[in-house]
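One chain is shown next in structure tokens, namely the form predicted alone.
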């Protein structure tokens, strides 16, 4: 581990900066729905003082209730890394061995690779009540939870055959970290990303080698595997950056994990890469602000869109990039939803012991969406999409997909020549 990374990790464990104001507990979505959770101040800074004296003070059951949503950190007036303190304690002190359920939920590349070729069978089978009952009783995956569909054709397969041959014709280039969701579940988002980037004059390239960002592995007690996968991603990104590429993503959680949690929780030195990893909406907005690109939209596009601020999007402070881009589309009736956690937090809401808590956390958000009556909800997080669609019946789209749908490609290409 380098000196740079050691310094970063020391600064993360800054519990002595806690003012004991308890504002973090006020903003904690878990504390709001259950008295069993001691709250972020007690689980984080206060608890860390005791844990440093003896590991016997580590409370596995209580700390596992933490969503790692980072809303406590957003609210903290003194920039205490409360969520990171809690997650680092789980990594350091937990003796819990991941169950088969935990390993399946966390190993998205493995499960996606197995499920995609049999998507036509897997998707309907996972919706059957008998299968849900088995998963509930044997695996501990709640029977009420809906799994996202798998795609029979991976995004990588589509890209290599359909898109890759034309990307070298562009004078400017970016590399795309597509993530597991795009690759195995929803390749259309990746296609939309390529469509938008090509329209503004950028060629898109995949990383030499990409692994799952590791967020689910961290959450399910497999930090060593997450670290190995993270190192692979960093190595591939360094190569892309060395070629002059910015690395773009379409997932707020993947972005946040690689930019912040790699160094904070996994001890991965990413100081030379971090600044070159960006969300696609942020990248596009910055180019528009500089006057380097312009977007043209179809005059007959009309849609009422409600935007949900994903938790990790808020932690990065990047919500405005996506919302401003959406507001640029003339035909959009834009509704800004109140900032609230949806409750799913990746694999958290799939687990039987968390399901009711997960839904209780998201209930106010679900009601707000129903009252807004949008044609769709926009958000930058794929698991928020699953939670909102399952709980409200309202379709959810990534802002990039909405931009791609509304874009007048011919006009956009012409004005960016």
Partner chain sequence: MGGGLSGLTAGIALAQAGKDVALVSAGQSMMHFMGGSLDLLGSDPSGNDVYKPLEAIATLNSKHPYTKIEDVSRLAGVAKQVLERVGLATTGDTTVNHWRITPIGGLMPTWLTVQGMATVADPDQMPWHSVTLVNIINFLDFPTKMIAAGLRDRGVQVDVKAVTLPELQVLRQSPTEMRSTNIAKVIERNDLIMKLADEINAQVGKGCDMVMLPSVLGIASGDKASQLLRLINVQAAYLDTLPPTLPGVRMQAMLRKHFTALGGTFITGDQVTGGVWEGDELKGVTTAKLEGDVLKAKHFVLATGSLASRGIVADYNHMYEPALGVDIDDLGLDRTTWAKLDVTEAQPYMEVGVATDAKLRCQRNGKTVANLYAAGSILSGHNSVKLLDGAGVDMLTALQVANNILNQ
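Residue numbers count along the first chain shown, from 1. These figures come from a predicted structure and were not determined experimentally.
Separately, the form predicted together with its partner chain exists; it is not shown, and the next lines address it.
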Its partner chain contact at residue 332 in the predicted complex, heavy atom, 4.5 Å: no
Close approach of residue 42 to its partner chain in the predicted complex, 4.5 Å, heavy atom: yes
4.5 Å heavy atom contact, residue 25 and its partner chain in the predicted complex: yes
Interface membership of residue 321, its partner chain in the predicted complex, 4.5 Å heavy atom rule: yes
Interface residue in the predicted complex among 68, 31, 354, 379, criterion: non-hydrogen atom within 4.5 angstroms of its partner chain: 31
Partner-contacting position among 162, 292, 272, 79 - heavy atom within 4.5 Å of its partner chain in the predicted complex: 79
Region of this chain that lies against its partner chain in the predicted complex, out of 229 to 237, 132 to 140, 279 to 287, 178 to 186 [heavy atom, 4.5 Å]: 279 to 287
All of 149, 375 and 390 with a heavy atom within 4.5 Å of its partner chain in the predicted complex: no
Within 313 to 332, the residues that have a heavy atom no more than 4.5 Å from its partner chain in the predicted complex: 314, 315, 316, 317, 318, 320, 321, 324, 327
